[in-house]
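Taking the form predicted on its own, here's one chain by itself in structure tokens.
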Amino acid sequence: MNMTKRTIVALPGDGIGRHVLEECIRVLDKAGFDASYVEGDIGWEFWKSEGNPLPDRTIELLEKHKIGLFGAITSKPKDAAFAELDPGLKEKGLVYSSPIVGLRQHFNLDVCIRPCKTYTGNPLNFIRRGAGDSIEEPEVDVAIFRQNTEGLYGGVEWSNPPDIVYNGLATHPKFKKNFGTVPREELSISTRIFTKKATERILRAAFAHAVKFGYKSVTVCEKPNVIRETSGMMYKMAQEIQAADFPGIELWNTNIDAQMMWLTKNPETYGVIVAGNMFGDIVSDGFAGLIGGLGFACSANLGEEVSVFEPTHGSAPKYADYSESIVNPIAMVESACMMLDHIGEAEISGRIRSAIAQVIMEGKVRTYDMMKMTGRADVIKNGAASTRQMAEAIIAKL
């Protein structure tokens, strides 16, 4: 075990983020992870009061300590965000942008890993009808590799595009044919930019993960039959990388729309899936639904120096002010396990995952989502475990 004491930047964020992060740190402490935590300011309150949801002081903390553990974030559309800005800041031309996207781009956290793995005994696991009216519960074990900094989330967008952009686009015959008569002020344009360097990095990370953990296949999940330049480039590069360096791993190719249709047909046949930013976001949420939903969906955002680990659920502000938190903390705890693996503390992460598995298999402690309840303040009174009670159950199994 690595005995060096680490400092982790704790980023509670908004809404339920603070609740799940607090319980997660309790689990880490009880599991014997020797670390100190420094809190970083991030999220909606800092947007409203400072006009910046990702203050420079938080960037500096991550630059110093390299590892972040992140709760959840609130993001709202442009007009709603502007309406909540402090009146004294409204004349400064500020525009809200997601701080987690900002973190990914500032630190080039370009490799996002979202594992989706079935826990035996989880009442939310996907089931399907099999032969002879039998009921099957396929075991899902998929790792989605999502390119995290480019594509549709790259932020290169315009409404009423300026001359230089409009004139550049007008050189393309399809733009001229389909949009040439549209008034400029009626156009909104978002770009989908892939670079070879970032695409190669996410592909190699996906293949290396398949080799390390014994997956037989890597599936490129894009849309190369329509989005020929970007999706086409990713699949062509995957073919070259597989042939040259990973011949023992099968390379599969699926279109994102077909993949979502097939999701419930044969999810157990997929191993590692790799995609660009938007399609990776979509397919990872789809697979998360098969293993219990966002309460079980963890992720890692990996850069060459800095890495941030987070559940993929949102801030759920409607639950944030309940007198006792009701949300499932397992996705947050699983994200911390990914952090432990990343920094060489696999023994501790293994024990925590084993404890989670025991709690789920035993079935005595279940949060409201696991009991298929609607999330309301009275679910604990009706038998659901609180966020803290679930954390306590995991700690007890350690």
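In this text, residue numbers run from 1 along the sequence as written. Given the structure is predicted, the values throughout are model-derived calculations rather than measurements.
Form predicted in complex with 3-isopropylmalic acid: not shown, discussed below.
A.B. asks: Is Glu310 near 3-isopropylmalic acid? Define near as a heavy atom within 4.5 Å, in the predicted bound form.
C.D. replies: Result yes; Glu310 sits at the interface with 3-isopropylmalic acid in the predicted bound form.
A.B. asks: With heavy atoms only and a cut-off of 4.5 Å, decide whether Val101 touches 3-isopropylmalic acid in the predicted bound form.
C.D. replies: It does: once 3-isopropylmalic acid is placed as it appears in the predicted bound form, Val101 has a heavy atom within 4.5 Å of it.
A.B. asks: How about Tyr153: is it within 4.5 Å of 3-isopropylmalic acid in the predicted bound form, going by heavy atoms?
C.D. replies: Tyr153: contacts 3-isopropylmalic acid in the predicted bound form.
A.B. asks: Looking at 145-153, 227-235, 264-272, 177-185, which lies within 4.5 angstroms of 3-isopropylmalic acid in the predicted bound form, counting heavy atoms?
C.D. replies: Result for this chain: 145-153.
A.B. asks: If you apply a 4.5 angstroms heavy atom cut-off, which residues in 274-295 are near 3-isopropylmalic acid in the predicted bound form?
C.D. replies: Contacting residue: only Asp281.
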